[in-house]
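Just the one chain here, the form predicted on its own, laid out as structure tokens.
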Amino acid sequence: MKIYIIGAGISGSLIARELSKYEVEVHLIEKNPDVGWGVTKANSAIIHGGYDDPPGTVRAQFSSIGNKMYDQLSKELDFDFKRIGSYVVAFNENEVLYLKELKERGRKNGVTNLEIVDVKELKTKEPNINENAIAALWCPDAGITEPWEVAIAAIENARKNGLILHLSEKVVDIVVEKGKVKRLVTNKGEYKADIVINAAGLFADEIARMAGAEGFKIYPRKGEYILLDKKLNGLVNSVIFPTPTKTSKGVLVLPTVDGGILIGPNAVDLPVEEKSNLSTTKEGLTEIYGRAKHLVPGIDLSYTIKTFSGLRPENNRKDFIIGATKIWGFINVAGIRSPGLTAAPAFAKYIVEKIFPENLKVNLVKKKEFNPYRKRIPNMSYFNLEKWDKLVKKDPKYGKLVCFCNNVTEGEIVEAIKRGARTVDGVKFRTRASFGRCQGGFCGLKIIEILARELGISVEEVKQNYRNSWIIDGKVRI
């Protein structure tokens, strides 16, 4: 049986890994040059507690279950995951009433350890919170991670277990005969397909239309962010939410897994034709700064190292669209907005263990030799000096520092290239080189030089990320 997954974001990568446990031929097709470069690349990176989503929704069905799966998943795939907890902060009695509603909603969703704390207790854990806060909803299960790292790790593990990965390949048609999926057509070829799983993020509606499956519309909801320097590490210790609104969980303040501070997002609904609009605006950044400062007055924009935006795939049903369709063999995994990162491990398992046998009447056979483990690229942050010294003696490139902001060595960059990085961003998302304070200002050229050397190309051919994103078009001294 040949199974094709469209889209290598967090949904597609975890579904691919789940399917790689079975005796089937699994292909993952991604139109971008690397994995996790769509919706997965730019979001709040939170593993939500699971209390916020309305009971009875598909989001609520998978969110709290997915949350509980992250401890084991991070252990198997060796990615950063910190269960730091979250607070929803109230500033008046009406907001306290809403905290009680959220707590009850959480109980119905299976989240039973929520607690409403007074400002005195809140201040013991978050001393920098606005002094006008009066209470907060504490969720100890919430956590943080790096979504692209989860996707990369899942695909590395799936490939070890047989996944066939197609990058820079765009699906242009899906051939259906007598109500069944038959073939997949891309810009590079045509493939016989028994089952197609549509995890195409912002473009899932277009893929569904190709198959003639049930219609829905995906429109982009933009969220802007400001990343602050690690010098503010400790400003907050948990994920800090305001009391949510009807359209958004609000502007958050949270630590990143590597010690920075992230504030955002706002929520701006864009027309369907603006699925590539990743611009930031003065108005948007001003809005999130004001709202974040209301939660944590000590936020200082002079520590800004990057502003960016991400797009969430919102849909007219306001819920995940997950399941089999009227076209046999075509499965939708669409509208994966927040809390998609949290829910993804749960619905990946659901698709393989429920939809395949119950809706498609396909019973997959497990591989006896499946290996669930993947090891991260070595970094001195995770090694003691004695262990790192042994690594340097074995491979001196691990003793040559390239990125001074995040302590990334030449050995790590070479290992990232061996694992699939072909661009500067490919190296960045696998190692955090150029992710720090200088944003590649000091290490960028050295990374280009290493990429050119290891790939056997000229420095002029090295790209930042996408097609035609060359960085050098003349002679430079490196």
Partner chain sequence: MRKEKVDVLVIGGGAAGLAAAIESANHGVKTILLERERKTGGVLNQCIHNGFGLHVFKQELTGPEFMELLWEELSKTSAIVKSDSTVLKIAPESKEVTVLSREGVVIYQVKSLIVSTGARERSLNNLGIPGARVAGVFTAGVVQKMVNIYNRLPGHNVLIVGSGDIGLIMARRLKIEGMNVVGVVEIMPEPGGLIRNVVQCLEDFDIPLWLSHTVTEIHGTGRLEGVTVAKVDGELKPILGTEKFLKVDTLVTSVGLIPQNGLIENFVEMDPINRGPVIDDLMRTSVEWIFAAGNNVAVHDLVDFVYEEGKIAGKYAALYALGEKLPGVKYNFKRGNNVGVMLPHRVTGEIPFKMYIRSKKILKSCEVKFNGKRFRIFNWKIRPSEMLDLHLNKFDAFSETTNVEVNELE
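Residue numbers count along the first chain shown, from 1. Quick caveat: nothing in here was measured; it's all calculated off a predicted structure.
One more form of this protein, predicted in complex with the partner chain, exists but is not displayed; see below.
Residues with any non-hydrogen atom within 4.5 angstroms of the partner chain in the predicted bound form fall in just one of 103 to 111, 193 to 201, 287 to 295, 304 to 312: 304 to 312.
Judged against the partner chain in the predicted bound form with a 4.5 angstroms heavy atom cut-off, the residues S279, L385 and V476 are in contact without exception.
Residue-level contacts in the predicted bound form: of K75, K160, K231, K217, one residue has a heavy atom within 4.5 Å of the partner chain, and it is K231. This chain lacks the partner; the member of P396, G212, G259, G179 within 4.5 angstroms of the partner chain in the predicted bound form by a non-hydrogen atom is P396. Though the partner is left out of this view, M69 does not reach within 4.5 Å of the partner chain in the predicted bound form, counting heavy atoms only.
When the partner chain is considered in the predicted bound form, T57 lies well away from it, no heavy atom lying within 4.5 Å. Put simply, D300 is far from the partner chain in the predicted bound form: not one heavy atom of it is within 4.5 Å. Shown alone here, K400 lies within 4.5 Å of the partner chain in the predicted bound form, counting heavy atoms only. Residues of 410 to 431 that come within 4.5 Å of the partner chain in the predicted bound form, judged by any heavy atom, reduce to E410 alone.
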